[in-house]
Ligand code: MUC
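Only one chain is given next, in structure tokens, and it is the form predicted on its own.
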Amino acid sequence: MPILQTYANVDPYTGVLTLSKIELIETIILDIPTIRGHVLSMATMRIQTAVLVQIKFSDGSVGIGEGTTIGGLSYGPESPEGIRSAIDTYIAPVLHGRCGNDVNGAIQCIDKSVKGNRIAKSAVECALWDALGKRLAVPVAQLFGGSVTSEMPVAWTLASGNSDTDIAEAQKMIAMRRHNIFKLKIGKRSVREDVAHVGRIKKAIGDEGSIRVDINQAWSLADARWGLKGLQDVGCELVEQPVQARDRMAMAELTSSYEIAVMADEALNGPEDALAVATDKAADVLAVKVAQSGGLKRASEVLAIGQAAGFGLYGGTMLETGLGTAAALQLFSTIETFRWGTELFGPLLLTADILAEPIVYQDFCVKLPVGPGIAAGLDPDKVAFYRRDRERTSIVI
């Protein structure tokens, strides 16, 4: 008896996965307040907006996904409203009636019909993988070769903008054994002020925690030269995207000039960018984000390039809810070593968790959720409460 006969939606005589067609793709927008102001170089976030996607199939199965960006349009070219519009207007029509089991075929179909819009594509693709995993009764990690770890180190971002506040927050996290890796958002003040801010926090934390910074492209090359030297001197370990994403020559210069690690983030929008960064030696570390890469498949290709080129790897976030975080964990769990850990803390920054069973954070790590698909189910009451168009009666489940 073939082992596949134990799976759902598999023909018991042939062992072949039965046909399941895409019947309906629905999207909604959620607005969830953050627990505090999240200060970045280009915006201060007090609400995170997520686009949820639900795909229904002819066999009754359902897949869910998420598309989330940061700070509206201040971070990148996709807004929550644009993500939803791209899915409803352009992606959903070309997928209607297609075989739901052919995820790679769906990805190719979307790419032919829609240019760019990586976050929108990622949200839909996540829902496709989720449903396929559920039909096969296996986690999505299994569809990418299988998980090799059940937990990963997880960083916390200190982004109040106030040194004393950030120090108290970091010390609390260490005492709770929730985080001992801290990323500071800087770039709004002068380089001298930012370096002093980082230095005060590192001195207070000492060897109990690792300190990194994220500039979000705010510095010029001249500023970055002084900034990296100063950050290195005060004990900072890593600097993320100090200059404009398009300026790979500047990134290459900084990477080769200092001992402090330089990480590419906004410069990475899929495997093509990862290859260009590798060719130009424009980073030491790659911040791999599922949504920014264009989906789980493209993110897996970025990871493969990073491994082959000898980069350190870091599991990045777009500050997703638990849904997008669970999807990223499925993929990242298939990688043996994330040298620089992850920053999959998005659900903890929000005042409410929309998952029926929240992701577990413990002993400075984030735990891989267990179950079929992306192993995440939504709390329908929370979704209904935070959805932007509350007058609608249907909800994602």
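Remember, it's a predicted structure, so these values are computed and weren't measured experimentally. One rule holds for the numbers: they count along the sequence shown, beginning at 1.
As for the form predicted in complex with this ligand, it is not shown, yet the points below apply to it.
Heavy atoms within 4.5 Å of this ligand in the model of the complex belong, among the stretches 298-306, 115-123, 223-231, 69-77, to residues of 69-77. Heavy atoms of D166 never reach within 4.5 Å of this ligand in the model of the complex, leaving it off the interface. Within 4.5 Å of any heavy atom of this ligand in the model of the complex lies no heavy atom of F364. At the 4.5 Å threshold, heavy atoms of F57 stay clear of this ligand in the model of the complex, well away from it. Looking at F345, you'd find a heavy atom of it within 4.5 angstroms of this ligand in the model of the complex. Shown without its partner, this chain lists D194, D214, D284, D273 as candidates; in the model of the complex, only D214 has a non-hydrogen atom within 4.5 angstroms of this ligand.
A heavy atom within 4.5 Å of this ligand in the model of the complex is found for exactly one of R248, R135, K202, K289: K289. In the model of the complex, the residues of 230-266 lying within 4.5 Å of this ligand by at least one heavy atom are, in order, E240, D265, E266.
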